[in-house]
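So this first bit is one chain, no partners, the form predicted alone, shown in structure tokens.
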């Protein structure tokens, strides 16, 4: 597939996000559900860029969301009197990406030299370790966290601050999801993706072929981490206007990311969207219909789907459309 044709798989991705956004705007009372679904899709897209393309499971992934929320919170609380206006949001996103990238470089310098289960074990303590470092050393107000709703109103004005936290924060989440999808497709269709695919299938063979596997793992790791930071800045910090370590470093976000990727199909472009929508909708309606029992019912359903469809739903779809005109849209 040459030229622009190799990027055709982005079309159904953009269409899916556009339809989800239009539904949220058109359906009264459904915006919060749509925003939650967008968050899950974005989380899956960002996480899939590393796990799906390398086969490595990062159990400390939520730490990157956490430092991303701090990047936005610290920026707004520190620069609210600077007269920057909406520019403070852009600086906050930049800080979120920088914070998560620095943490990824520090973690990756050690963990990415390990393989398989050893890598997974090494990342388990990253999240809790960084959280307790913040609390114990009282970095960024320690366990007290940062509440910056007043600073956001000072920087943007009351009306604009409310609009940002109730609407634009969710739009930014859609933006992160699209950016993650575009980067994933770009990697899949270029040298980085081919190298990552080779190491995922057989890392030793990839090394023999002359592929610098550590370099490409670092590229995917940092990209995925930076996207997580942007997601934390938009889906948490701007939306809630506060940051508390126990909340933003909650490990269940990592577990949800793993479930979403496995449901949709690891290493696929559409997989995180399918997984995010299924997970989000199921969790939402089970919580309404079976309050208190949703996790008891939901867990075996998720396990059954993953066992029945080990390649994920999009993996099954790829097999169905193979050899048809739709094949060029599914990856």
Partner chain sequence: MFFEQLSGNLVQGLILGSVYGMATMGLSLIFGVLQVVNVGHGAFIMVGAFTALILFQSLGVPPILAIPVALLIGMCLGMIFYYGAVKPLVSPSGAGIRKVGRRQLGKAAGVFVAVMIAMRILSGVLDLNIAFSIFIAIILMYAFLVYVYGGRRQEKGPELATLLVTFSLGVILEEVVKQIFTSEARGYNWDLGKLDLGFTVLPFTKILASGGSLTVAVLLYLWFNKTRAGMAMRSVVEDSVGARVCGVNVDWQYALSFSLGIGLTVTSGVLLTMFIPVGINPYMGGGYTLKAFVIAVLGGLASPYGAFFGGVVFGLLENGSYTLLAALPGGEPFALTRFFSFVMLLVILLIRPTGLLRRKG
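Because the structure is a prediction, the values reported are computed rather than measured. Numbering follows the first chain given and starts at 1.
The same protein also exists as the form predicted together with the partner chain; that form is not shown, yet it is the one meant from here on.
Decide whether residue 270 counts as a contact residue for the partner chain in the predicted bound form under a heavy atom distance cut-off of 4.5 Å.
No, residue 270 is distant from the partner.
Does any heavy atom of residue 83 come within 4.5 Å of a heavy atom of the partner chain in the predicted bound form?
Flag for residue 83 set to no.
Since only the chain is shown here, I'm wondering whether residue 38 would be in contact with the partner chain in the predicted bound form (any heavy atom pair within 4.5 Å).
No - in the predicted bound form, heavy atoms of residue 38 and the partner chain never come within 4.5 Å of each other.
Please run the contact check for residue 310 against the partner chain in the predicted bound form: heavy atoms, 4.5 angstroms, yes or no?
Taking the distances in the predicted bound form, the answer for residue 310 is yes, it comes within 4.5 Å of the partner chain.
Can you confirm whether 8, 274 and 330, the three residues that make up this candidate site, all sit within 4.5 Å of the partner chain in the predicted bound form, judged by heavy atoms?
None of them does, since no heavy atom lies within 4.5 Å of the partner.
Which listed residue (155, 89, 181, 259) meets the criterion of a heavy atom within 4.5 Å of the partner chain in the predicted bound form?
Looking at 155, 89, 181, 259 one by one, just 259 meets the 4.5 Å heavy-atom criterion.
May I ask you to choose, among 218, 255, 94, 102, the residue with a heavy atom within 4.5 Å of the partner chain in the predicted bound form?
Contact with the partner chain in the predicted bound form is made by 255 alone.
Which of 74-82, 135-143, 172-180, 223-231 sits within 4.5 Å of the partner chain in the predicted bound form, heavy atom basis:
Contact-bearing stretch, as computed: 135-143.
May I ask you to list the residues of 99-137 that have any heavy atom within 4.5 angstroms of the partner chain in the predicted bound form, in sequence order?
110, 113, 114, 117, 118, 121, 122, 124, 125, 126, 128, 129, 132, 133, 135, 136, 137 sit within 4.5 Å of the partner.
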